[in-house]
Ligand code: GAL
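Below you will find one chain, with nothing else, as structure tokens; this is the form predicted alone, and questions on how it binds or moves follow later.
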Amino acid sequence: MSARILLVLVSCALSVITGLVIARGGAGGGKTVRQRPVIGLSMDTLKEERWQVDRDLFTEKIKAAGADVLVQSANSNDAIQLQNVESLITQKVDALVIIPHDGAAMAKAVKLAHQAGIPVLSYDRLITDCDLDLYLTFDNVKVGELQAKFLAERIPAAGKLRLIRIYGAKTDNNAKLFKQGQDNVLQPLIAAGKVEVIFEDWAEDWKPESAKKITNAAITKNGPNFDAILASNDGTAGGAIQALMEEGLAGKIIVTGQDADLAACQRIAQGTQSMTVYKPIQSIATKAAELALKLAQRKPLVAKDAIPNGQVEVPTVLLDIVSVTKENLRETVVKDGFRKEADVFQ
């Protein structure tokens, strides 16, 4: 293989920098790097507000650095996303950034990119079972832990917390990591009888309407006698809250979320949603642009962590997250400029 990317892993425990050379690319790996690189961005979807923000920030940062971006969105269709990647490869991008709909399905996309000598950065969601170059994400296990800790702190002193759990899309590896983090906190409480899960299910493609159906089914089966809904993101939280509104329960039930969507921040200000996990999109989009350019220019880069994807230990850059409630909305999402105060507190 003629193309090689130098990825430097930094040992957190020893603070010793160790060089790790990982072979990338195939017969097409010897192509000349352009002075003005072209980055391909393959996105799962643009239906959710969060991903529109990611696209705009990433594109802005890449262009400001003197490079170009080609963006494709797959509308949560694996076959279309693979076609999109093939199109970007045909257009001879210098690096690929993929936000996968299905992490396993996109392993083929990574293989095709490497055959063309193109390195791949997996953005926010992990691509599994392949020789992936780099992974950029938030600490997704910690996301689930923050959501569950919020609920754990609200267990009635002389009773237990009755809970509906709404997981994300089964095709999204992050959804499994969120659940893992939630389980880290909840399983001991469930075993101790302090938490009872009365209903649980996975929301297809993170759809709010799927979360609404799950909540409706839970209420039909168990009635209105429950305390909280552990929704894994703000879209599913919105669907659950719609079901609660129909039952006159909105504002009376604890509801978690994630992403700090504008609608979720408004619901938190109004009291119908209890919390969200803020993943600073400015941070991940900016960092992704920086890393993608280094990959495109075949420059060394630094990753402090590594996460197994079923085939390799993928060099990983993890970003911080913040738990947001009504009490700190202004000090977090508004202060960062992610949301405008007038929009949140209508």
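Start at 1 with the first residue shown and count on from there. Not measured: the values here are computed from a predicted model.
What comes next is about the form predicted together with beta-D-galactopyranose, which is not displayed.
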* Structure fact -> So, beta-D-galactopyranose superimposed from where it sits in the predicted bound form: by the 2.4 Å backbone or C-beta clash rule, 3 or more atoms, this site is open
* Hey, with beta-D-galactopyranose in the predicted bound form, do D124, N233 and Q258 all fall inside the 4.5 Å heavy atom range? -> yes
* Asked: Any of the heavy atoms of N174 lying within 4.5 Å of beta-D-galactopyranose in the predicted bound form?
  -> yes
* Partner proximity in the predicted bound form: E290 to beta-D-galactopyranose, non-hydrogen atom cutoff 4.5 Å -> no
* Asked: Is there any non-hydrogen atom of W206 lying within 4.5 Å of beta-D-galactopyranose in the predicted bound form?
  -> yes
* Partner proximity in the predicted bound form: D305 to beta-D-galactopyranose, non-hydrogen atom cutoff 4.5 Å -> no
* Asked: Tell me which of 60-68, 42-50, 295-303, 309-317 has residues with heavy atoms within 4.5 angstroms of beta-D-galactopyranose in the predicted bound form?
  -> 42-50
* Considering only 286-323, what residues come within 4.5 Å of beta-D-galactopyranose in the predicted bound form, judged by heavy atoms? -> none
